[in-house]
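A lone chain, given as structure tokens: the form predicted on its own.
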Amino acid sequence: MSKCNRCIIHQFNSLKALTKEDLCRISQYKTSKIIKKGEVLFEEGKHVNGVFCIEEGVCKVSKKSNNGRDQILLLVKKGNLLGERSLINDEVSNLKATALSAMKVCFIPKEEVVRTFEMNPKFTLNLLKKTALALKNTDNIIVDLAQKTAKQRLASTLIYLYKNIDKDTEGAIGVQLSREDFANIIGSATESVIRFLSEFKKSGIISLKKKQVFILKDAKLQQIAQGF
């Protein structure tokens, strides 16, 4: 098992505030896991009991609405921590995390994270800043759902994926989302997503190959996202 202080991933999240001693101690208690595509990392309404540090892969974080539909709130990629919010408020998770691709993660038990809170104030501050940023992003999602059209929201989602997710070997967006996943991200019907993607394809803005999406004209997508 690799040592946390030798892993470059910790430099991209709140763990970068940890000392070498902190990282060496955590290495003794963490466990590495391979998560298959479609596998659930944690369920809504369940205790997480630790945090996941994502070494490879992408997962979706969602919440089930009163009508039973999943609303995808964010995509979490390589380099990020996942599950820390449940540690801060010491409650069951309000969200569900599901792998969109094969993932490699390290799981750090709750006890070790809490101990690090007490020993390293800088780490605690970094984690609180990340939580505040997540809340800000949630505010933006709420505004977009209220004020943007479904077509604008889909264009915004494609731009986000294009800019933030690594490309696959063919140059497509490196995570394959189903049409239903897109619908659950933008809060619209699957049929509407299919229609909008077809429109984007006919306009030469994107290219589609089954679930692969190739962005051909990102500037045009940006214009659509902004309502032009």
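The numbering used is simple: start at 1 and walk along the sequence shown. Quick caveat: nothing in here was measured; it's all calculated off a predicted structure.
Missing here is the form predicted together with the DNA; even so, the following discussion is about that form.
- With the partner omitted here, the residue from Ser198, Asn164, Asn49, Ser32 that has a non-hydrogen atom within 4.5 angstroms of the DNA in the predicted bound form is Ser198.
- When you look in the predicted bound form, the only residue of Lys217, Lys20, Lys16, Lys211 with a non-hydrogen atom within 4.5 Å of the DNA is Lys211.
- Of the candidate stretches 166 to 174, 24 to 32, 181 to 189, 49 to 57, only 181 to 189 has residues whose heavy atoms lie within 4.5 Å of the DNA in the predicted bound form.
- Among residues of the shown chain, Val40 is not one whose heavy atoms approach the DNA to within 4.5 Å in the predicted bound form.
- Mapping the unseen interface onto this chain, Lys151 counts among the residues with a heavy atom inside 4.5 Å of the DNA in the predicted bound form.
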